[in-house]
Each structure stands twice: as structure tokens, then as C-alpha cells.
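The chain below stands alone, shown as C-alpha cells; this is the form predicted alone.
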């Protein structure tokens, strides 16, 4: 039994997306306090990922693992553009995971309340697997200024000996073609996914990552889901704290591996932050202001 029905995408005009309904759902999530705050969003822009530990309850984690074992939860059948909420049934274990109120709030904050399903997969690393996956990015063709998200869901605890997913924070702006980074081994500041059961890791679609060796006697599982936005990604989170949030310090702090290239990354972050807040003039330490300075005033004789 598959978890997704695969068929050709509907024409845009026939997709059942109603802005009024989406707006009402977004307002409901905001009123319930389920949307992300501004500092979390700034952290996503700077790091390219957010981690939410133990957000899925144990009972549901066990149901997902049982579904993987009996074939109820499987990988997807390809890429298609259906609405997320019609892709997984409400009574399906995965459907229940992504309909959790807190999870819906996270999704809505990043890609809107009714995102488009892209694809999903169940990643399996067998026990006593001694090799690591090469560093790579999943979306080498996506040079768009906005972003998709990939949700990495860990239905069981991941210990350091189990390996987990290795992520390079801040790498989302270094666009590579698939495995062009495979020649690298380790980076300063790389982050191992060591987490309790029920953890979600939300990553920018261009983040560099790789699966790690599993030296234990336990098979490791991770469910990955990619989502596309269906609305402009402008102030989708709870931006009521935008004026007071400490975003300058977050966006103006280098990653350990940046070295002398950190200034380039500050500029990339500012460009994305401008898009997200809908303010093309926002700046930090004049990083973009000095580049954009193009005086047109003439002093004539």
C-alpha cells in the first residue's frame, strides 16, 4: 500500500486552492499561537534549518515505525504537484504526523497553510553500515530566490553511533550540482543529527547534507517530505515581533566554516530576509546599501 496517489499535476486553474480559505486557516494558526516567531525565521535564513525535538508523540512514532514494517508507510512514487492535505489520508500515520497542530503551524510559517506536495521517501540505513553518504544537495536546479522545505522526520531516537544525517548550517546559498561537494569530508561547524524520537528537522531545499554510518545493531529510519509554497513567502510567520526581534545579530553572525567569505553570506541572507518581510530596503550594517549606492544627482556648472 502506497502513501501517495501518483498522477499528472492538475492545471493551475483547476487546483483547489482558495486564497480565502488559506487566509482563514493562517489566521486560525496565528490565533492559536502555532506560527513561528521572527527570531526562529531569522535563524532559518542564517542556518538553513530548524530542529524541533520530540514534537511527534511516542504513540504516533510507534505507529509510523509499524507502518514502515508492514508496508503501510513507504516511499513515494515520483514527483507531482498535488495539495499536501489530499496526498496523505487523515487516518494514515504520516497524515496524522503532518496534521499535528504544532507541525501545521511550522509548515504554514515557511511555505503557507496549503503547500504543494513535491515528493517523499523513507530513508533506511541498515545496521552495521560502515560507509557514509557523500556530501550533496538535493536541488541543484533550483536557483529561485524563495525556497521549498524538506522535512526530515525521525520516528525513533538517533544516537551518535547510529549516525543520523549530517548537515552543514548556512550552506543553502552555496548552490552545487548534486554531488559536487563529495570530495569534502568534514567542515567546521557541521551538525550531526542526534535527537530523541519524534524529532522534525526542517531544511532549506539547497542545504548540504549526507547520511552517516550506522555502527549499531539497529536499523535507522528517516522519513523525508519536500513541500513547495503556493503563496508568496512574505510574513507567513507571526511577524508581530518584527520590530523588537534581535534579527541583526542572527543574520550578521558567520558560520564556523565561512572564513573570509562570511560577507558574501551576509549579503545572501539580507536578500532573502528582504523577500520574506516584503521590504526591499532592509539592510544590516550597510552590506547591501554600499553595493546599491548609485547616486544620480548631477552637479552642473
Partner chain sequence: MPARQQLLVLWLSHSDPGSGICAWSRYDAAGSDTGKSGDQDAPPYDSALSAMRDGWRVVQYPIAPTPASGDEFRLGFLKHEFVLERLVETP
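Positions refer to the first chain, counted from 1. What you are looking at is a predicted structure, and each value in this text was computed from that prediction instead of being measured.
The next section is about a form of this same protein that is not shown, the form predicted together with its partner chain.
Q: I need to confirm a contact call. Of 130, 71, 78, 145, which residue comes within 4.5 Å of its partner chain in the predicted complex, counting heavy atoms only?
A: Result of the distance check: 130.
Q: Of the options 53, 241, 58, 261, which one has a non-hydrogen atom that comes within 4.5 Å of its partner chain in the predicted complex?
A: Spelling it out, the residue with a heavy atom inside the cut-off is 261.
Q: Give a yes or no for residue 190: in the predicted complex, does one of its heavy atoms lie within 4.5 Å of a heavy atom belonging to its partner chain?
A: Residue 190: yes, in contact with its partner chain in the predicted complex.
Q: I'd like to check something about residue 126: if you look in the predicted complex, is any of its heavy atoms closer than or equal to 4.5 Å to a heavy atom of its partner chain?
A: Answer no; every heavy atom of residue 126 is more than 4.5 Å from its partner chain in the predicted complex.
Q: Do residue 173 and its partner chain come within 4.5 Å of each other in the predicted complex, heavy atoms counted?
A: Yes - in the predicted complex, heavy atoms of residue 173 and its partner chain come within 4.5 Å of each other.
Q: Can any non-hydrogen atom of residue 26 be found within 4.5 angstroms of its partner chain in the predicted complex?
A: Judged by the heavy-atom cut-off of 4.5 Å, residue 26 is well away from its partner chain in the predicted complex.
Q: Counting only heavy atoms and a 4.5 Å cutoff, which of 33 to 41, 253 to 261, 272 to 280, 232 to 240 contacts its partner chain in the predicted complex?
A: Heavy-atom contact with the partner occurs in 253 to 261.
Q: Between 264 to 285 and its partner chain in the predicted complex, list the residues on our side with a heavy atom within 4.5 Å.
A: Going through 264 to 285 in order - heavy atoms within 4.5 Å of its partner chain in the predicted complex - the hits are 264, 265, 267, 268, 271.
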